[in-house]
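Given next, in structure tokens, is a single chain: the form predicted alone.
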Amino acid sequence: MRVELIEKIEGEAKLEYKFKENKIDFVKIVFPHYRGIEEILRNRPVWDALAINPRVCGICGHAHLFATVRAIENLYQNAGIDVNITEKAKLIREITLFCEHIQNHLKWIYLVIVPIMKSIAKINIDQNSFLEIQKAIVNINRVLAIFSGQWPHSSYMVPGGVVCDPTNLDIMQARNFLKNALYIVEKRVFENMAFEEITVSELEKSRTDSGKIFRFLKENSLLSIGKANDRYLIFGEHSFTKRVKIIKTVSYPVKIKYVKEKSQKSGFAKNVTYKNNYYETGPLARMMLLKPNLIKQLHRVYKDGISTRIFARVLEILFLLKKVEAHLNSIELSQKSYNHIKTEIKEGFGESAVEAARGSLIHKIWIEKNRIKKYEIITPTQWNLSNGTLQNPATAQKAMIGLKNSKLAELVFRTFDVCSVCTTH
């Protein structure tokens, strides 16, 4: 057995490899840390979760806030209390969530994936790209902060809406920051191509960093490694997603009640299954739902290998930038940001799901005597990095089996955009 520590994943994880005939025969994924957020929430007033839960993660704090708000609103609805959210508040919530996805994906490409590629073979992405992309990230975080007040760890979403009340000047500033970010991303990553127009042949001849990444994978015979189970799940309902499971390319409806968590003997992350099967969640699942040309072409040839998984996340950057632009142009400032709702409730249950950058995030809340009796969080990394068996490996395990060395396995592992602190909440 060979054990390797994986760092720079918002915490740490261990990969325990078993080799057979010079190939990886099985991999055990261990998260050695524990943070206890679910225990911290017990016996606290319900709205305390709005301040505590964004601290679950330093990358996707908005997603956790969004899931918390929706869970509490669902709790009220289940108790027969009306919860009316204006279209303005819905758009603002999605703008900040999508901005969080965009900045996460950009950091993942340039600070995680490209450095690992450089450790495997030469890839010609120069330092100017890293510096310019950092400017794009700063501009995206400025858009986000106009509405949320800060990033990360804001608590600006509350049951009934949002606490910000943007002006025309705020919207103009947000559009300007977004325009700056879009200019850099199109220059460095996409070469002014529209989301639906990008094809494999366009990508292969592109002089952008996306083209360089594709050619790196092709020249090193890596386009089709990292295939998993070709099964996907989406639970977050947003303006471009719905609750669905996708097996190969066919979609089916899903319900949260069939999601099961199970503790593991080693490590503090819990296994997660849907009807006892392992599924992949995240940008690849979302792009399999939207079916843009590039993903259809890549999946047809390389299935759910790393090339399809990597370019699903890269392509989602462009899609969400355009989505934020459309949302900013659609906001009716005359609408209310917040509708007051009755907050007294003694007993009940609520649940929610949102799409975090890494995939579907589920929150469940149980209330007794107006206090939190139990709070349960299921994160995207749990979905993608559960531990199955040699006969029935989970998603990331399946993707690493059969590879020739641990360096390639680490590249595949990181294509799932691992987050340790979320997972060991």
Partner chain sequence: MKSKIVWIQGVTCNGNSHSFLNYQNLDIFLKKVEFLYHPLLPSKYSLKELYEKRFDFDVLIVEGAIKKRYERGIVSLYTLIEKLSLKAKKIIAVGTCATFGGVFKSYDEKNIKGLIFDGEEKKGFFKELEEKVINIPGCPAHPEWLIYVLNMIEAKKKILLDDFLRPKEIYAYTVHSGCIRNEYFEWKVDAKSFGTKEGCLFYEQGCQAPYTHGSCNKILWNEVNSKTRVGMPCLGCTEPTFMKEEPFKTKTYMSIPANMPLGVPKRAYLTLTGVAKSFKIERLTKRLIDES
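Treat the numbers as computed from the prediction; the structure is a model and nothing was measured. Positions refer to the first chain, counted from 1.
Keep in mind that the form predicted in complex with the partner chain is missing from the display, and what follows is about it.
*Asks:* Determine which one of 107-115, 185-193, 305-313, 221-229 lies within 4.5 Å of the partner chain in the model of the complex, judging by heavy atom distances; exactly one does.
*Replies:* Only one stretch qualifies here: 107-115.
*Asks:* Residues Ile246, Ile256 and Glu376 are flagged as a possible site; in the model of the complex, is every one of them within 4.5 Å of the partner chain by some non-hydrogen atom?
*Replies:* No residue of the spot touches the partner chain in the model of the complex.
*Asks:* Scan Tyr338, Phe216, Tyr76, Tyr274 and let me know which has any heavy atom within 4.5 Å of the partner chain in the model of the complex.
*Replies:* Exactly one listed residue reaches within 4.5 Å, namely Tyr338.
*Asks:* Which residue among Asn141, Ser129, Ser352, Thr208 has a heavy atom within 4.5 angstroms of the partner chain in the model of the complex?
*Replies:* In short, Asn141.
*Asks:* Under a 4.5 Å heavy atom criterion, is Phe147 part of the interface with the partner chain in the model of the complex?
*Replies:* Phe147 belongs to the contact set for the partner chain.
*Asks:* Is Pro292 part of the interface with the partner chain in the model of the complex - any heavy atom within 4.5 Å?
*Replies:* Pro292 lies outside the contact set for the partner chain.
*Asks:* Residue-level question: is Asn329 within 4.5 Å of the partner chain in the model of the complex, judged on heavy atoms?
*Replies:* Flag for Asn329 set to no.
*Asks:* Is Lys28 one of the residues lying within 4.5 Å of the partner chain in the model of the complex, judged by heavy atom distances?
*Replies:* Result no; Lys28 lies far from the partner chain in the model of the complex.
*Asks:* Taking the partner chain as it sits in the model of the complex, which residues of 350-368 have a non-hydrogen atom within 4.5 Å of it? Please list them.
*Replies:* Counting only heavy atoms within 4.5 Å of the partner chain in the model of the complex, no residue of 350-368 makes contact.
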